[in-house]
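As structure tokens, one chain now follows by itself in the form predicted alone.
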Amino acid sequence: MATTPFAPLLQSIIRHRGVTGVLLVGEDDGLVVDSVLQVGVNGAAFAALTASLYRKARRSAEAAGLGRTGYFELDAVDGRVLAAGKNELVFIVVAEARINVGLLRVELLKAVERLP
């Protein structure tokens, strides 16, 4: 994928041990704006599905009166998916199960704050 102004933000996340991919996608359509992925991660399909999950989590939180979702995490047997967004853009991170999720969450939320 061509380098965008978001490349430094993606690089700040992908450098963490255990991160296998990071994507910046449109929240509404799930289209990839920029990404850094290791071989074996199907970026387009993954981005669309995770953006949909993020939207649904946001709507669920709003319906429950909890406000807007700022961070979403899916813990699976073989890894984790983290998502955080702002202004209709969502960072999606694919990581191994052994990742230091606290450190990665801090880095992800810092990157989100730097979005326009």
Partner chain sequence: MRMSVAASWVEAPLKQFVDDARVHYAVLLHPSGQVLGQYGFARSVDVMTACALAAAIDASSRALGMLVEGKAFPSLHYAGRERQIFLAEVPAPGGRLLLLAVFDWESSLGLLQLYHEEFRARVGEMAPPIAHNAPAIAADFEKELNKNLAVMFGRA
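Residue numbers count along the first chain shown, from 1. Treat the numbers as computed from the prediction; the structure is a model and nothing was measured.
Although not depicted, the form predicted in complex with its partner chain is the subject of the following passage.
In the model of the complex, its partner chain sits beyond 4.5 Å of every heavy atom of residue 88. Though the partner is left out of this view, residue 48 does reach within 4.5 Å of its partner chain in the model of the complex, counting heavy atoms only.
Contact annotation: residue 38 falls outside 4.5 Å of its partner chain in the model of the complex, judged by heavy atom distances.
If you take 54-82 and check each residue for a heavy atom within 4.5 Å of its partner chain in the model of the complex, you get 55, 56, 59, in sequence order.
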